[in-house]
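Next comes just one chain, in structure tokens: the form predicted on its own.
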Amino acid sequence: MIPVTVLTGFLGSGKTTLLARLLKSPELARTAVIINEFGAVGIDHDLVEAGEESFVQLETGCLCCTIRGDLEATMADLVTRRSRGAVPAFERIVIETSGLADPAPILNAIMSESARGSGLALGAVVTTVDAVTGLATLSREAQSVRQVAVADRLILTKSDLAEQSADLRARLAALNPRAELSEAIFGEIDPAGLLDSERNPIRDLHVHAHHAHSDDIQCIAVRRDQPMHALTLTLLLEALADHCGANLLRLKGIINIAESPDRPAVIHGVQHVFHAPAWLDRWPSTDQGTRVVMIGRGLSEGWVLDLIAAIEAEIDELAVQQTSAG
């Protein structure tokens, strides 16, 4: 599978500068970059200025394309070109979003393309936050709040220009307590630690007993020690899509499936779109409990647990009826 990392962040937060530096590192050779932006785009004046779709091979071995159209079509085109040898055999894709972009439709596009059997898989969501203006931006711009809320990793940029802000860090922790927080000093950060596909955030998913609340966005954690039947998981995802819809900004989890106790299922969801469960070869740690993190509006840990219990009761009742009828 080819992991797709989403690099987002509000206008002026430094994501383009960060990406330009990352692409100069040998660790990120064989990377395809999609700049999902409108109008002329340039990365430190070194990569692309685009008025239409274009593909440019960089000296580092990376491939960069800019789009003004359909993201799913661009990803599919990239994979097709890779398979026939028309572009370098990249090992990962990084999508840089517009500073005003809502990340949810982009995550939906990745999961939809993955569901078509393209060989793509949603990787990490990395969000840059300006250490100088970030606190004011979060107070003023709802889109920046959504960008932070769905992140797996938060990168504080321009921290060399600002005094350390405990208020900003506290705000980020309230919005997204489970995101890994790092600093880019003078635009520099460890590329392997940021985009390494081996560090899939779901493998290090930890769940605590509390949930965070900021504005109208909640981050809740659901833990369950007993295994879950595969049918229960299927019906649960359908119910979440129906009941939560656009209010579910992001869901990720690792599930103990009764029919496959040694191979946990990994689930991803954004709004009403859910990725088909992927199966790990083994449990990544000694913790073999089901863990699900949900970010969105109007969420309740108790409601999710009650929903699971109701689905299981319905399945059990159906099994009894079938047994009696037989």
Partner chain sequence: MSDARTKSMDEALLALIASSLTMWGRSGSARQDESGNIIVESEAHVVRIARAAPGVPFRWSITIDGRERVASSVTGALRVLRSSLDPDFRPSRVRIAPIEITPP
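Positions refer to the first chain, counted from 1. Just so you know, these numbers come straight off a predicted model, no measurement behind them. Between two forms, the rigid core is the largest collection of C-alphas that superpose within 1.5 Å.
Although not depicted, the form predicted in complex with its partner chain is the subject of the following passage.
Discussion item. Within 4.5 Å, heavy atoms only, which of A174, A230, A115, A73 is in contact with its partner chain in the model of the complex?
Written reply: It is A230.
Worksheet item: Heavy atoms within 4.5 Å of its partner chain in the model of the complex: does A121 have any?
Response: It does not: once its partner chain is placed as it appears in the model of the complex, A121 has no heavy atom within 4.5 Å of it.
Worksheet item: Do T234 and its partner chain share at least one heavy atom pair within 4.5 Å in the model of the complex?
Response: Yes, T234 is a contact residue.
Discussion item. I'd like to know if Q321 sits close to its partner chain in the model of the complex, meaning any non-hydrogen atom pair within 4.5 angstroms.
Written reply: Flag for Q321 set to yes.
Practice prompt. Determine whether any heavy atom of D242 comes within 4.5 Å of a heavy atom of its partner chain in the model of the complex, and answer yes or no.
Written response: Answer yes; at least one heavy atom of D242 falls within 4.5 Å of its partner chain in the model of the complex.
Discussion item. Given the stretches 79-87, 142-150, 92-100, 234-242, which is the single one in contact with its partner chain in the model of the complex, using a heavy atom cutoff of 4.5 Å?
Written reply: Of the stretches listed, the one contacting the partner is 234-242.
Worksheet item: Does each of S182, W283 and Q288 have at least one heavy atom within 4.5 Å of its partner chain in the model of the complex?
Response: The answer is no: none of the three residues contacts the partner (heavy atom, 4.5 Å cut-off).
Worksheet item: Taking heavy atoms and a 4.5 Å limit, what residues of 277-296 are near its partner chain in the model of the complex?
Response: Sequence-ordered list: P277, W279.
Worksheet item: Once everything's superposed on the core, is D306 shifted 2 Å or more at the Cα between this form and the one not shown?
Response: After core superposition, the C-alpha of D306 moves less than 2 Å between this form and the one not shown.
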